[in-house]
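Encoded as structure tokens, the following chain is the form predicted on its own, with no partner shown.
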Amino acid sequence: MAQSLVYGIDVGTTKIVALAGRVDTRRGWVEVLSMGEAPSNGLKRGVVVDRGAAGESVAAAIEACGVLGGPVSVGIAGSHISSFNTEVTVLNRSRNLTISNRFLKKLEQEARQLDLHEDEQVVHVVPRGYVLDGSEGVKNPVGLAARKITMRAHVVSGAVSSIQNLLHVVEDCGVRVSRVVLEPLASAEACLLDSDRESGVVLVDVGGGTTDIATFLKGALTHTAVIPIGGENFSADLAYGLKIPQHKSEKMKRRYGTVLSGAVDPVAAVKLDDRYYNASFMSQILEYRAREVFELVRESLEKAHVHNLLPGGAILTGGGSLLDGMTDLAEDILGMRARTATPRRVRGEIKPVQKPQYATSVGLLYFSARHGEPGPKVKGAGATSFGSIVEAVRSWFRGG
């Protein structure tokens, strides 16, 4: 059996993660073979604001991964991202009326021609379903016959300048980008089962600079959004409220943070560097910001008319989901059950990726395997040593 080597770089606001691995799409697992991580500089809320600083951070992550070149999938987020649902109809003029993959690509191209602002570029066209000669509910029309085919799709677009800046930062490091992937779609690849998508869920990925949303109903993507608030805002609020540097507030948040202020003793204190701080006040600061995030999530769902169509509830991921009490607060504000998710079906010796903060990174590997341009094949996976596979990864990126 052969699996393709695939590669992803999550260019986040607080960290850069580069991964190389292989994915068995039939069995549904990913093996991470090599990983590099570096603190992120030069980005704000998912958008590049300093090309040089961002490039240095990406280069550090790539070097730590051992990745020196080659086609990669890169995650994208930021407030410049927008999305909408649409449908396009094309007549099938083939002699036998059979629908081919080539015809589906034609439908996708039609969707990409829809009117956008001149400074916008389509990032994804995600089919939601097809109508064949008036018959609804078709998910995969390839091989079926029809004269009139309508594709219902979810279209994601972003600012041309922001997309170009992201590509430049990665390609400055000698790496060729094969595609950009909306971060919540990547996280969904890693964290959601097909049963989750069928039941109707909202994935809420609380990252460092943004909170990303993706909703699924009856297996189809129905809504995406990016909220320009993330874990950095929680830390900045603590730094301001407690009058401490942000790197110390980050430690406080990770060590003692909770968004359930009502459960904290009003006179309790926490210690950092021989100083004591009121734990209740700290939790009130964090809860205020967390409430704002979930209220904006609810507002986005209501605006898209999907809030009452998600019996599967909310699935939280991303580093911000690790704050104590986030699922409880999400249930209270969103009015639906909530749980935290980590990347599923991950193999290999690199254990850190099996945490919520690496959902996007792992999802980029899944996305690469499912949606095109794979790397070289690794044959005889069961008999191939881990070391030789890692060397194959590295030689591929070196162009060897």
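A residue's number is simply how far along the shown sequence it sits, counting from 1. Predicted model, so just to flag it, every value in this text is computed and none were measured.
Not pictured, yet referred to below: the form predicted in complex with a small molecule.
- Within 4.5 Å of any heavy atom of the small molecule in the predicted complex lies no heavy atom of residue 158.
- When contacts are judged by a 4.5 Å heavy atom cut-off, residue 73 does not count as touching the small molecule in the predicted complex.
- Taking the partner from the other structure, the small molecule in the predicted complex has a heavy atom within 4.5 Å of a heavy atom of residue 210.
- The closest non-hydrogen atom of residue 327 lies beyond 4.5 Å of the small molecule in the predicted complex.
- Residue-level contacts in the predicted complex: of 307, 154, 253, 289, one residue has a heavy atom within 4.5 Å of the small molecule, and it is 253.
- When you look in the predicted complex, the only residue of 279, 146, 323, 107 with a non-hydrogen atom within 4.5 Å of the small molecule is 323.
- Site residues 124, 181 and 368 are none of them in contact with the small molecule in the predicted complex, judged by any heavy atom within 4.5 Å.
- For the small molecule in the predicted complex, the listed stretch (96 to 104, 136 to 144, 82 to 90, 315 to 323) containing residues with heavy atoms inside 4.5 Å is 315 to 323.
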